[in-house]
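A lone chain, given as structure tokens: the form predicted alone.
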Amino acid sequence: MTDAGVLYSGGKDSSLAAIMLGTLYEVELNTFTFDPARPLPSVEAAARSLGFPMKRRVFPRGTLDEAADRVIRDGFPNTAINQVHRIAVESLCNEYEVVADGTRFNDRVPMLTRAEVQSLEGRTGSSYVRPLLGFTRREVDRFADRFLLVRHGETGTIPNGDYETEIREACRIRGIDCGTLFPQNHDQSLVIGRKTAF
């Protein structure tokens, strides 16, 4: 079987993508952080509950500052988060034959465009797949309820591996009120177990 590297935050979307791909490939979960010392016990526990190995990846030095600068300059996080996501996907495409994430039908961020995906695959020879892309949030939630035990909370209050947590902190350190830059009541998830009976 071909190895597949799944971008993994510990949330329900990337967990479901990994489960789906696990029927076809040998899956390895990959969680990116800006800070190599950032503890990820909850994400590691989520990975263990799924039964897939996990690797911690660290973004190149300067990526966090560039992302925070972009959020502050734009006044919103979308472009910065998409930029960071492209870096993560491309990094994995240089290592795996198949790379995946948990982006869904309704997602705007992070989301690579069709042209970006075609360029990426042409340059790296890797396949970039999004198993949940055809599913709306309602269906993803239905799948999650069937297969996973999930905890929910607002970004920054739940210890998952989402890019936004560290970008928000970098903006806070600069004295910026994140409430003016990031959407309010942005729900995040963290997988705390996998249901054994379906």
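The model shown is predicted, which means the values in this text are computed figures rather than measured ones. Start at 1 with the first residue shown and count on from there.
One more form of this protein should be noted, the form predicted together with another copy of the chain, which is absent from this view; the next part is about it.
A.B. asks: Within 4.5 Å of another copy of the chain in the predicted bound form: all of L24, S126 and T136, by heavy atom?
C.D. replies: Yes, each of L24, S126 and T136 comes within 4.5 Å of another copy of the chain in the predicted bound form.
A.B. asks: Though another copy of the chain is not shown, can you say which of R61, R142, R48, R172 has a heavy atom within 4.5 Å of it in the predicted bound form?
C.D. replies: By the 4.5 Å criterion, the partner-contacting residue is R142.
A.B. asks: Can you pick the stretch from 157-165, 35-43, 49-57, 144-152 whose heavy atoms fall within 4.5 Å of another copy of the chain in the predicted bound form?
C.D. replies: Result for this chain: 144-152.
A.B. asks: I'd like to know if R108 sits close to another copy of the chain in the predicted bound form, meaning any non-hydrogen atom pair within 4.5 angstroms.
C.D. replies: Heavy-atom contact with another copy of the chain at 4.5 Å: present for R108.
A.B. asks: I'd like to know whether I72 contacts another copy of the chain in the predicted bound form, with contact meaning heavy atoms within 4.5 angstroms.
C.D. replies: Flag for I72 set to no.
A.B. asks: Examine V117 and determine whether its closest non-hydrogen atom to another copy of the chain in the predicted bound form is within 4.5 angstroms.
C.D. replies: V117 belongs to the contact set for another copy of the chain.
A.B. asks: I'd like to check something about E90: if you look in the predicted bound form, is any of its heavy atoms closer than or equal to 4.5 Å to a heavy atom of another copy of the chain?
C.D. replies: No, E90 sits far enough from another copy of the chain in the predicted bound form that none of its heavy atoms falls within 4.5 Å.
A.B. asks: So which residues in 71-105, when you check another copy of the chain in the predicted bound form, have a heavy atom no farther than 4.5 Å from it?
C.D. replies: E97, V98, F105 sit within 4.5 Å of the partner.
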